[in-house]
Ligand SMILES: O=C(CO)[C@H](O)[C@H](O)COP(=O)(O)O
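Below sits a lone chain in structure tokens, taken as the form predicted alone.
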Amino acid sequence: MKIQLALDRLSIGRCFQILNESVDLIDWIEVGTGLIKQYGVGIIREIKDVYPDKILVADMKTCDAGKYETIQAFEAGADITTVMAFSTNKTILDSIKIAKDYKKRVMIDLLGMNDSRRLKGLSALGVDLVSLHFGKDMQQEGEIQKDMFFLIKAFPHFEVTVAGGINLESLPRIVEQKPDTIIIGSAITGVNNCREVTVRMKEMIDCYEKCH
């Protein structure tokens, strides 16, 4: 399992401070939607220039103008860009085509999605990377639960990431579901000892994988 560190609602300086302390422990860097809205797509380039060997996910959350926004993300240095699952098929197909042209990838954000028929449709469109997403506002009403994985059980060919307030307490429940990538944000970015927390999370994941 990989760790994707989500940077959001932070100053640029704080982003680089966190990365400097933890980048060797993580696999993918996510430039969050809020960060892109605040600083523009230039922040994607700033981070990619410093960490060219890391896979960089631009959380564009595209829901329309798929071709335009996907080009924006890739031209700025992203390796993966996100598109919302509720977008029209045209938006998703345009984004996937651009990704193939650039030899990069599209991650489909399943926020708010609970209909497996849409998953079947996404698969038919050529989607191969999805994100189970327990949203920020949803976290105000509860914690991420493992039953959200039911949505992708019938689609073992999907590469799956999972996000949603994952912390040291909830991480054991998440790793049991064996997602390909675990997206962690404020549990790392919101503490002063971010390296220590990242080490503990990575140890939890490594320990589970060695034992299962």
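Just so we're clear, the structure is a prediction, and the values are computed from it rather than from any experiment. All residue numbers are counted from 1 along the displayed sequence.
Quick note: we don't show the form predicted together with the ligand, though the next part is all about it.
S.K.: Only one of 170, 38, 186, 177 comes within 4.5 Å of the ligand in the model of the complex by heavy atoms, so just point that one out.
M.R.: The residue in contact is 186.
S.K.: Residue-level question: is residue 1 within 4.5 Å of the ligand in the model of the complex, judged on heavy atoms?
M.R.: Heavy-atom contact with the ligand at 4.5 Å: absent for residue 1.
S.K.: Heavy atoms within 4.5 Å of the ligand in the model of the complex: does residue 116 have any?
M.R.: Residue 116: no, not in contact with the ligand in the model of the complex.
S.K.: Would you please decide whether residue 48 lies within 4.5 angstroms of the ligand in the model of the complex, comparing each non-hydrogen atom pair?
M.R.: Contact check for residue 48: no, nothing within 4.5 Å of the ligand in the model of the complex.
S.K.: Taking 4.5 angstroms as the cut-off for heavy atoms, does residue 166 touch the ligand in the model of the complex?
M.R.: Close contact exists here: in the model of the complex, residue 166 approaches the ligand to within 4.5 Å, heavy atoms only.
S.K.: Which one of these stretches, 177-185, 148-156, 38-46, 62-70, sits within 4.5 Å of the ligand in the model of the complex when only heavy atoms are counted?
M.R.: Comparing against the ligand in the model of the complex, the contact stretch is 177-185.
S.K.: Which residues within 1-38 place at least one heavy atom within 4.5 Å of the ligand in the model of the complex?
M.R.: Counting only heavy atoms within 4.5 Å of the ligand in the model of the complex, the contacting residues of 1-38 are 6, 8, 9, 30.
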